[in-house]
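There is one chain below, alone, in structure tokens, taken in the form predicted alone.
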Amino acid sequence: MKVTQKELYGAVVLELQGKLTGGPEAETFRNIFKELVSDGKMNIIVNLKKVDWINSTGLGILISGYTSVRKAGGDLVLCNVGDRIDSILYVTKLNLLFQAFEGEEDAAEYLRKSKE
């Protein structure tokens, strides 16, 4: 899994590419969340457009990141969730936990308005 990071309207966008399944990349992803929180970056968008598969470990990573960010007073949302991953979120009822948006712009606008 490859992770690229950028900022958009005060939010940090993490664009993932590949499979979100654990392994060494999972620890890297967890560390990214820790660094962002310690740097005071509390609005995080996880872009799943280029993620073609997620397993239970990958879901755990997202939940862990969400929990860390929320405990610090921030928010984590998803965008560009494909049909396959959307159905996994639905079956696991994680669609009730994660806010999901069609694109980065919509997600950033939601985060901006939620802090007003």
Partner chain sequence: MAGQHNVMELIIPSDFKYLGAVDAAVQDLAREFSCAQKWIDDFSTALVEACTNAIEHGNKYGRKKRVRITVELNQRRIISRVHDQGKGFDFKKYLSHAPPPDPLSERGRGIMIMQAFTDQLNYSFNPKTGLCVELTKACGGTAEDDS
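What you are looking at is a predicted structure, and each value in this text was computed from that prediction instead of being measured. Positions refer to the first chain, counted from 1.
A second form of this protein, the form predicted in complex with the partner chain, is not displayed here; the remarks below concern that form.
Looking at the partner chain in the predicted complex, residues Q5, Q17 and N47 place no heavy atom within 4.5 Å of it. This chain lacks the partner; the member of V51, I88, V77, V69 within 4.5 angstroms of the partner chain in the predicted complex by a non-hydrogen atom is I88. Mapping the unseen interface onto this chain, K34 falls outside it, with no heavy atom inside 4.5 Å of the partner chain in the predicted complex. For the chain shown alone, S56 is a contact residue for the partner chain in the predicted complex, at least one non-hydrogen atom being within 4.5 angstroms. The partner chain is not shown here, but in the predicted complex it comes within 4.5 Å of a heavy atom of S64.
Contact check for G103: no non-hydrogen atom falls within 4.5 Å of the partner chain in the predicted complex.
In the predicted complex, R84, S87, I88, V91, T92, L94, L97 are the residues of 79-115 with at least one heavy atom within 4.5 Å of the partner chain, listed from first to last.
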